[in-house]
Ligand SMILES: Cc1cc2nc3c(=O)[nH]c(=O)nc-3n(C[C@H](O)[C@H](O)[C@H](O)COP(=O)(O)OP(=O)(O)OC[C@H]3O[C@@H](n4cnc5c(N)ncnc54)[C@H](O)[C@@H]3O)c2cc1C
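We begin with a single chain expressed as structure tokens, specifically the form predicted on its own.
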Amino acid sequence: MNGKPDAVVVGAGPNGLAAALRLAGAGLRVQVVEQADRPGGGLRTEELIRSGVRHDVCSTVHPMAAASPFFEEFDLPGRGVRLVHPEICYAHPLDGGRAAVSRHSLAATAAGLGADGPAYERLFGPLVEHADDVIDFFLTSRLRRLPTRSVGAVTRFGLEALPNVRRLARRYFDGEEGQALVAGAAAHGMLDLSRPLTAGLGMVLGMLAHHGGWPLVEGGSQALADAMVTALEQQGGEVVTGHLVTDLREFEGVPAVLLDTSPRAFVAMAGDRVHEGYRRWVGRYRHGPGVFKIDWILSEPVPWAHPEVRRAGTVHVAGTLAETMAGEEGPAHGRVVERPYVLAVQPTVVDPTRAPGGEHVFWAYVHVPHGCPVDMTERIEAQVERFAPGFRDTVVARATKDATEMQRWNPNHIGGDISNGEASLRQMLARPVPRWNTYRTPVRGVYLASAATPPGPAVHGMCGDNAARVALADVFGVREVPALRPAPV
């Protein structure tokens, strides 16, 4: 970029790129600086094992992207990004060849739960009916205003969401299938499921299955990041890769600097420009459990005992509600468990382009204690084999990353925590510090724009978009939010 930019974004994950695009929409000259050798953050796709076979290293399934107001405005189809939807959004196998499955249709999902079907419709029906308003409030409001639309639905959701998922599951469902279906979705939050707010995540993800679905990006998640980079470059912005920022003084004279980083990284870059009070609060910010991840190449699809599981994009491999809770309680309290909750994805069920030679890609991760280097391969494969006898015979090759390696791959994943901070009730209300506007930092013109700010983790771009809106108003006096530039015809 010739000359000094108007704004710099540090970190080219989905939030950093979303922030850059909103700033560019206001006509600003924007530069994005990324430590890795390619942009994307958690959206990166790599040939981990064999040339031509593509694996998403972190994020693969994108219910939040499908629902995000930012990505709706960005116009994924117009940018050449194709979301592909599995016939079954997610499945939860149980012993005895049983399974609970979530389909795009609320009625069809309820019908599969037998006697618990009416209760499922009572729980999710109102949320699905008012899904747009619930999503708008929780993704765009920064939780700093009262809802103005569908007040009853939003309030009801808030009351149902506060308890833990065990209480919610047992209140609504008598059968193991319904209880497991909600608990498996809630366990995405990487929390001890006996804690408050875990019911809320199970409800949100369950609702999204019946709203925008749980799609994957055809060809790999990298395609979404690449489309964002292309859009920025078409507006005169640039992305610089392979550059580690260690000191914010590097950007002296740049009016606005937005950070798609951890709060800890911001404090390190800011040095003595951060007062001791803010530094102490960042020191109290908790990072949750890490993950251990396996990527496989398989000779054939996973031979799940229940045939419908074979058509699911996402599979929660954990057993009953009690087993799912036990699998998450251990990592949250520093223990490795023998039967972990396994979150698995079958990309080639719906996207054969990822393994063009006729093989299949499959990945899974488990939650482990923060920073844990233990190899979980045997435990993960045993859980999958439990519900898919003969699975091990399909394995052609595998690649693994423990929690420490996940942090080396992406510095925002401290201790292997892919959420950039525990998604507890306290830390969702004050993320990362107890300030009215948590995007602003104590350093003038510097803003946090990562998943460590509201609305928190997932690929929705809203943390970056919200931070960019604050920066536009504070630094440039732009109070009417500029539209994103449309895709070229």
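Since the structure is predicted, the reported quantities are computational estimates derived from the model, not experimental observations. Numbers for residues come from their place in the sequence shown, where the first is 1.
Below, we refer to the form predicted together with the ligand, which is not included among the displayed structures.
- None of 428, 33, 443, 48 but one reaches within 4.5 angstroms of the ligand in the predicted bound form through a heavy atom, and that residue is 33.
- With the partner removed from view, the residue among 423, 448, 462, 458 that has a non-hydrogen atom within 4.5 Å of the ligand in the predicted bound form turns out to be 458.
- The candidate stretches are 260-268, 132-140, 316-324, 72-80, and the one lying within 4.5 Å of the ligand in the predicted bound form by heavy atoms is 260-268.
- The putative spot formed by 90, 203 and 484 is not touched by the ligand in the predicted bound form; no residue has a non-hydrogen atom within 4.5 angstroms of it.
- Although the partner is absent here, residue 293 is a contact residue: one of its heavy atoms lies within 4.5 angstroms of the ligand in the predicted bound form.
- Proximity of residue 208 to the ligand in the predicted bound form falls outside the 4.5 Å heavy atom cutoff.
- Among residues of the shown chain, residue 363 is one whose heavy atoms approach the ligand to within 4.5 Å in the predicted bound form.
- Proximity of residue 410 to the ligand in the predicted bound form falls within the 4.5 Å heavy atom cutoff.
- Along 1-27, residues 10, 11, 12, 13, 14, 15, 16 each place a heavy atom within 4.5 Å of the ligand in the predicted bound form.
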